Structures are given as structure tokens and as C-alpha cells.
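Below sits a lone chain in C-alpha cells, taken as the form predicted alone.
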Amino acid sequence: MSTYLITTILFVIMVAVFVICSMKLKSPEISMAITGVVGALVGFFLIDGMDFPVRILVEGLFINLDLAISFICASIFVNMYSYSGAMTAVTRKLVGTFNNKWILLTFMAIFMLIPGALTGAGSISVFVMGGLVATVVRYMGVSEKKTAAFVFIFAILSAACPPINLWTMIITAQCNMPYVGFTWLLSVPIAIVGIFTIIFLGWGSKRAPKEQILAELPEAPEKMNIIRILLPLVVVIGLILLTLYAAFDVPVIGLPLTFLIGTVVVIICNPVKRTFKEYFKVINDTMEQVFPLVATVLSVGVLQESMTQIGVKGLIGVTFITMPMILIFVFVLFFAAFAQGSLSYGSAIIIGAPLVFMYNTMGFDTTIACAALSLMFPIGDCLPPSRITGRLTCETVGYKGSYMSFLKQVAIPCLVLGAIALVMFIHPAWFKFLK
């Protein structure tokens, strides 16, 4: 048999295995890992000279290990910061100070962006801030369906927001690109979509009295002041900025250590003295919280390594990028979103890296293309089979309506995000001023 035929057979087998596992196990993480194992095993028997797949599987687990460690450390920092009561104190202060509905909705949007921007996962924003933000947004007169949409949209925007965008990090790692130049390319479209979402979902609502809102919010620690609130964030953001703009003058400490240093500062600044057991419980709860996402990142590595070794990754990439450009432009947004719904972060490997390689050969700006794709992928977090962020949002907010009604509510903001990303992808030269 020809190499093309063998690779096509392997691709069909892997698709079948993934579909069956997704239907039976209801877990995209386990489904991806099993698919990678089956693909490697079948490839061992069909491809001459291929090594036994144990090496492939072990190497696959280590491909994205650095991302997983960054993810864990960032999540510990965010949860420790929330546990200190800092976010609650800020929220109560804002509600007590501002009577304008639009100002409060803007601050709630910013609060939703922070956890995901620091961890790379929108689900963390939902875990940490979803319930608190939903309570305030409801008291702005926003309906239950629009409240769920508000939390979801800003959760996926937070995942795409710098400094940590996992889709971009995975693509740049695959393409041997530096992870630089994405700050404004991602921030400006996110700001535009965020402003549109606030206006679109908040229009026509009427705010509840200040006293009623404050009565429902949790109490903040008595000694929590502005220094205790800002110092941990200043330390983390300062260390990140130093590594970006003074790279040759400071030691390389990396994102995991940066967030651990921030966690120590949070503990020092906490006005309520906690025991080691209480802090350990926060860490333990965080590990349970992020385990599915860490499993996703690691299983993506297994699938990625398996598909690379048996040629399936190349088959998909070559098939997609050899289509006429007009068809690529037409289908890339839909394919990216549905690939994210099926493969989670694996979508960045399947079509992200091949498209960036294609843009490089055509002389286009690969940084802008990579940023555009990283804005398309989060849309798929509400699509089956995984529906990771969408499902979690409905559960956290307590939305009792049908999931289809939720999808209809988030459709327009998602289309606006997709349209901006598609324009960036088709005409990257228009956005060079953001680099």
C-alpha cells in the first residue's frame, strides 16, 4: 500500500475511535488519549520501521508539560488571591461607590478577564469569578439568559487574553516561533468585543438598589486595604513585564515560579491569618478544579505525538492548506470552532500550526495569523462534544433554560469575535500597527 493510503486508513480509524469514545465516555480528554494510543498501535503494525508506541506516548506526555505546570501554578495564585477576600472587597467597594450600571458591568467584565488571562483557561474565570460576577450582573437588571451569556463571553475572552494564551503558545511551540508580539494583537479585538458584549447584553436593563446588592454579596475581611489588594498583582505583572522588556538584565524565572512568588505575596498580604491546613485545602481544591484541564493539555500532547509519528497530522494539514484560498477563508472559522469543541487545545495542533506554516511560505505575517486563529478557537468552547466552558457556565450561574437557548444568546457576540478574527486572518497586513 502507498504511504498516502496507509495514512488515510489510520486517519479514518482514529476518527472512528474518537467518535465512539466521545459518545461512550463523555470525556474529550480520555477520548484523545485513547485515540492517540490506538493510532500509534495500528501505525506500529502498518508502517515499516516504526518504533513501538511506548516511546511515542511518553514523549507525548512531556510535550505540553511546561504548559500544564504554568497552568497549575497560575490557578493556585488566582484561587489564593480570591480566598484572601481581595476580589470580594473590590467588588463591594465598586458597588458601594458607583451607581452607574455601565461602569459596574465594565468592572465585572474586567474581573472575569483577569483569572483567564493569568491561567490561559476560561473555565478558571468561571470557577473563580463566575458566581460573584453573575450575582452583580443580575442586580443590574440583566436576565438569567443574558447573565449566563455575559459570564461565558468574558470567560472565553479571558482565555484568549494575554499574557497567557494556550492556543498561541501551542502553535508557536509547534512552529518554532517566539511567543512575543501578541499583546496588542489580542488585547484590542478582545476590548472591542467586550465593549460590544456589555452594550448588547446590558441594554434596556435597570439596576437594583445598592443596599440590596450589598446584602447579597459576601463580606470582605475587615483589614483588607488597597495595598493588600494590589501588591500581589503588581508583583506578578511586574515580573512578567520584566521578562518581556528587560530579558537580558534579569534572571529567567519562568511563569510557574512567577505565579508561585505571587502566591507567597498573597499569603503575606492576607489580613486573616490562616493555618497551613487551610492553605493546603485551597491548593488541594485547586488541583481538583484544574485536573480536567491539565488532563486535556497532556492528552493533547499524546494525540499530537501519535498523529505526528504516523503521518496523520501531516495528512490533515496538507489537505486543508492545499484547498483553494477562498475555501480556506470560508471554512477556517467554522472548522476552528468545531475542532475546538471536539479536540479542545488539540485544535491548535491540527489546523493551527499547518496554517501558520502555510502563511510563512506565502510571506504573510505569521504572528498576526496566529493571533487570529487564537481568537477563533475559544468560540468552540460552547460547542459539543466537550462544551467545556459553556457547560460549566450554565452550572455555575444556575441557568435553568435549555442549552440551545443559551447558544442562541451567545451567538451574536461570538459572531462578532469570529468576524474580527477572520478579517485579521484574511488581511494580516491591516493589523501590523498592533505588533
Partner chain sequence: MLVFWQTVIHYLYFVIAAIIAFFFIKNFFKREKRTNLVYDIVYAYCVIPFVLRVLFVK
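Residue numbers count along the first chain shown, from 1. These numbers were taken from a predicted model, which means no experiment stands behind them.
Only in words, not in the display: the form predicted together with the partner chain, which the text now covers.
Sort through 128-136, 201-209, 327-335, 69-77 and report the only stretch with a non-hydrogen atom within 4.5 Å of the partner chain in the model of the complex. Of the options, only 69-77 has residues within 4.5 Å of the partner.
Contact residue in the model of the complex, chosen from Q289, T88, S187, N360 - any heavy atom within 4.5 Å of the partner chain: Contact check passes for Q289.
Interface residue in the model of the complex among N284, T97, T275, N100, criterion: non-hydrogen atom within 4.5 angstroms of the partner chain: It is N284 that has a heavy atom within 4.5 Å of the partner.
P256 versus the partner chain, in the model of the complex: is there a non-hydrogen atom within 4.5 Å? Judged by the heavy-atom cut-off of 4.5 Å, P256 is in contact with the partner chain in the model of the complex.
If we define contact as a non-hydrogen atom of the residue within 4.5 angstroms of the partner, is F44 a contact of the partner chain in the model of the complex? F44: no contact with the partner chain in the model of the complex.
So in the model of the complex, is the partner chain close enough to V58 to count as touching (4.5 Å, heavy atoms)? So V58 counts as contacting the partner chain.
Check L65 for me: does it contact the partner chain in the model of the complex (non-hydrogen atoms, 4.5 angstroms)? Answer yes; at least one heavy atom of L65 falls within 4.5 Å of the partner chain in the model of the complex.
Out of 247-267, which residues reach within 4.5 Å of the partner chain in the model of the complex, heavy atoms considered? Residues within 4.5 Å: F248, D249, V250, P251, V252, I253, G254, L255, P256, L257, L260.
Out of closer and farther, which fits the Cα atoms of L355 and P292 in the model of the complex compared with this form, where the change is 3 Å or more? They are farther apart; the C-alpha distance rises by 3 Å or more in the model of the complex.
Between A121 and L255, do the C-alpha atoms lie closer or farther in the model of the complex than in the shown form, with a difference of 3 angstroms or more? Relative to the shown form, the pair is closer.
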